[in-house]
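Shown here is one chain on its own, the form predicted on its own, set out as structure tokens.
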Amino acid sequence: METLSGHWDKIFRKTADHKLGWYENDFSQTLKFLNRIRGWKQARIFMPGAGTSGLIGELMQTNATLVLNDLSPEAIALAKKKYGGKKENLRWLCLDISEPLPEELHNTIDIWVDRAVLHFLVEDSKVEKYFKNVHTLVKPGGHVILAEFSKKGATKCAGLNVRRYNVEDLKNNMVAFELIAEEEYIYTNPGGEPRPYIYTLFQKRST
């Protein structure tokens, strides 16, 4: 039986970046939310499913330190080749985001940026562990951007079932955080199909 990491390896191995279902070359929606965070260009940013996203290159133009994770070794290898594997402001991880993350990352992240990762976790236990990681890694006062398939969105992506969200669903899981901003957004995939997303920005309470 194919593993989940094997599933993603196959997709990244066989599909050019610009044909991936989540590919984008316009990062203005994510940047709009980042720009609401003071000092984000000097922050330590964690991306739970970085893949080969062009957003990596966009963020590398700032003074941010990036911690880039993906479940797929193939995606990590391609991203390292594309963006460089030994840069001082980059750290690469290949871990399951629904399992406990290294202790040295606990309480060290200024901004958690998830574009199209959480919605691939469909089991309650995996979702619970994902949010536990969010609460554990992000510093008090830190921020989280969640951009996921909305309730109006597709029920499958990349051959996998997805779990769709609204703002209340996300708020219910972000118990130590305050909702700062929310917005519905229509992303058009490389096939020309609209994909309704919900974008949210949360800030972790200091106490």
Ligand SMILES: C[S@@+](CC[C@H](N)C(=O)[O-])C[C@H]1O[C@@H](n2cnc3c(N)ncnc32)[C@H](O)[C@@H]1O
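Residues carry their position along the shown sequence, with the first being 1. Model, not experiment: these values are computed from the prediction.
The form predicted in complex with the named molecule is left out here; the points below concern that form.
Enquirer: Answer with one of 131, 83, 120, 112: the residue that has a non-hydrogen atom within 4.5 Å of the named molecule in the predicted complex.
Expert: None of the others qualify; the residue that does is 120.
Enquirer: Work out which of 65, 69, 150, 173 lies within 4.5 Å of the named molecule in the predicted complex, going by heavy atoms.
Expert: Exactly one listed residue reaches within 4.5 Å, namely 69.
Enquirer: Given a 4.5 Å cut-off on heavy atoms, tell me which of 32-40, 138-146, 175-183, 51-59 is the interface stretch with the named molecule in the predicted complex.
Expert: Only one stretch qualifies here: 51-59.
Enquirer: Is there a heavy atom of residue 95 no more than 4.5 Å from a heavy atom of the named molecule in the predicted complex?
Expert: Within the cut-off, so yes.
Enquirer: Can you check whether residue 79 is within 4.5 Å of the named molecule in the predicted complex, heavy atom basis?
Expert: Residue 79 lies outside the contact set for the named molecule.
Enquirer: Is residue 202 close enough to touch the named molecule in the predicted complex, meaning at least one heavy atom pair within 4.5 Å?
Expert: Judged by the heavy-atom cut-off of 4.5 Å, residue 202 is well away from the named molecule in the predicted complex.
Enquirer: Since the partner is left out here, which residues of 177-192 would have a heavy atom within 4.5 Å of the named molecule in the predicted complex?
Expert: Contacts from 177-192: none.
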